[in-house]
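A lone chain, given as structure tokens: the form predicted alone.
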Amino acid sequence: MSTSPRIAITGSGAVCGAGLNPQTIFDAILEGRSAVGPIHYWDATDWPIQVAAQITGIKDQVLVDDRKLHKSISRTDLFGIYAGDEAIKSSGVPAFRTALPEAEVPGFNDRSGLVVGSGGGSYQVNYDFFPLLSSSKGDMVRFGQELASSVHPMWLLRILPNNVLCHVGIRNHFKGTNACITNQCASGALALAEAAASLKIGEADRIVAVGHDAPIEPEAVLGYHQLGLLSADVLRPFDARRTGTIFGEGAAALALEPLESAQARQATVIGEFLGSGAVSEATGIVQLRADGDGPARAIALALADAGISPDEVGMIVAHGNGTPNSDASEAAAILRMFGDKAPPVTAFKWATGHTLAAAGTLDTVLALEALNREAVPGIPTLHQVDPSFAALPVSREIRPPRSGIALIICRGFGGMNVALLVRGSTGS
């Protein structure tokens, strides 16, 4: 019999093109509103891909109030810091710490940790060099001589993949267990799994897990397009006419702690982390097994970790990125694991875009919203389920979950597959 503690979820934060908090984002999804629109970060008029789910109309200081900090961080860092701060704030940890005797505060901070999943940087970080590379015409001596005066002095600080880890820790005095995971689209989901595992073995008393990314920039769009992975108009998960995914940007975060600790400080518990599984298909960077072996094994591991059966899962938030091969193999995995007893399946990227490293965390935040509102959102861009997996229980309509437990599937390049299981606050 396991003696590891149950892991409560006490706070959440999120930002993406659909909104500035989990509730607003989920409202947009329930109402069928997508954040996908024309790209405005550069003139994409003549580009083969002209759409993305951008965060618009929000000033940087709304996300991070310290304007001096803006000089040494990137756009993705703004999102990650905001989401991390929001999760910590909503968890009630700062107010609880303030009420502690002064002598207990250092120990409290030492036992407060962070695990952050980031995209590991983007092509954008190299753009500062382009003007000088062009003007120097291959003269590397001149390039070296003029480099210091041509490139932003904060260039190095801006590209660090662990900026969110550092600054959320500094701003909130979290000095304990920490890790920065850079594993492409799987980063945020793995951050949650790592945080829960660290809590179960007693490394910390509380850990905030964050996932963040901002992939909407020219070279990334061009590269994904050349790989045949992007849709030029609409992201259609599991639809017979699906043509690819669409980039989104944003971040999400969850605050985790042992349930006993959360109850002792009378925290509001919004959910429970039940288990996780992560595997690689070991096939190649972008290749996927058609039989769904990877996600199926990840699901099996997550169920075993949580100690539950497939019949106990009440809903599935699929990766659902809209690419032909990924959707087909993911559907195969779900049907292999659940057969004709699969619970309602949904996906959120049609509304938020694919936020890459933030995707697994954002999907988990929204899965908790779905469980706690007892509403599995439909997929408005779904018109005809692909006949090759017609038995997959996806729908355009809102449906109730069959229990208070959600399975979240996240996939990434290199054959990475992660499965997470959470219970909502209303679950038994």
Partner chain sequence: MIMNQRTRIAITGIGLVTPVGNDRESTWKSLQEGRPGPGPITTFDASGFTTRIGSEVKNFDFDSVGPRKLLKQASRCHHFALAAAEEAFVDAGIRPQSATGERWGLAVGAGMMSISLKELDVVHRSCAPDGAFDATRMAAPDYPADPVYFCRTQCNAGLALLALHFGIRGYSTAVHTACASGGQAIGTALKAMRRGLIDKMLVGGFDSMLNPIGLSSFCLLGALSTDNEEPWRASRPFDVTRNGFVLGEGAGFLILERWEEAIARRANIYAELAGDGNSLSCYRITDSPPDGDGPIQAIRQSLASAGLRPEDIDYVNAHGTSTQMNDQSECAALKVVLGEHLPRVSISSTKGCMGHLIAAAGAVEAAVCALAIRDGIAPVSANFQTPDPGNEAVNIVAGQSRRIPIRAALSNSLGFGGSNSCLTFRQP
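Residue numbers count along the first chain shown, from 1. Please read these numbers as outputs of a predicted model, since none were measured by experiment. Basically, rigid core = biggest C-alpha set you can superpose within 1.5 Å across the two forms.
The following text describes the form predicted in complex with the partner chain, which does not appear among the structures shown.
You can rule out all but one of 253 to 261, 212 to 220, 327 to 335, 343 to 351: in the predicted bound form, only 212 to 220 has residues with a heavy atom within 4.5 Å of the partner chain.
This chain is drawn without the partner chain; in the predicted bound form, the residue among Ile159, Val269, Val234, Ile308 with a heavy atom within 4.5 Å of it is Ile159.
Site annotation in the predicted bound form: the residue of Ala240, Ala300, Val105, Val151 reaching within 4.5 Å of the partner chain with a heavy atom is Val151. The closest heavy atom approach of Ala296 to the partner chain in the predicted bound form falls outside 4.5 Å. Using a 4.5 angstroms threshold between heavy atoms, Phe389 stays clear of the partner chain in the predicted bound form. The closest non-hydrogen atom of Val93 lies beyond 4.5 Å of the partner chain in the predicted bound form. Although the partner is absent here, Leu165 lies within 4.5 Å of the partner chain in the predicted bound form, judged by heavy atoms.
Residues from 174 to 188 that approach the partner chain in the predicted bound form with a non-hydrogen atom closer than or equal to 4.5 Å are Phe174, Lys175, Gly176, Thr177, Asn178, Ala179, Cys180, Ile181, Thr182, Asn183, Gln184, in the order they occur in the chain. When the rigid core is held fixed, the Cα atom of Lys71 travels less than 2 angstroms between the shown form and the other one.
With the core held fixed, Ser135 shows a CA shift of 2 Å or greater between the shown form and the other one.
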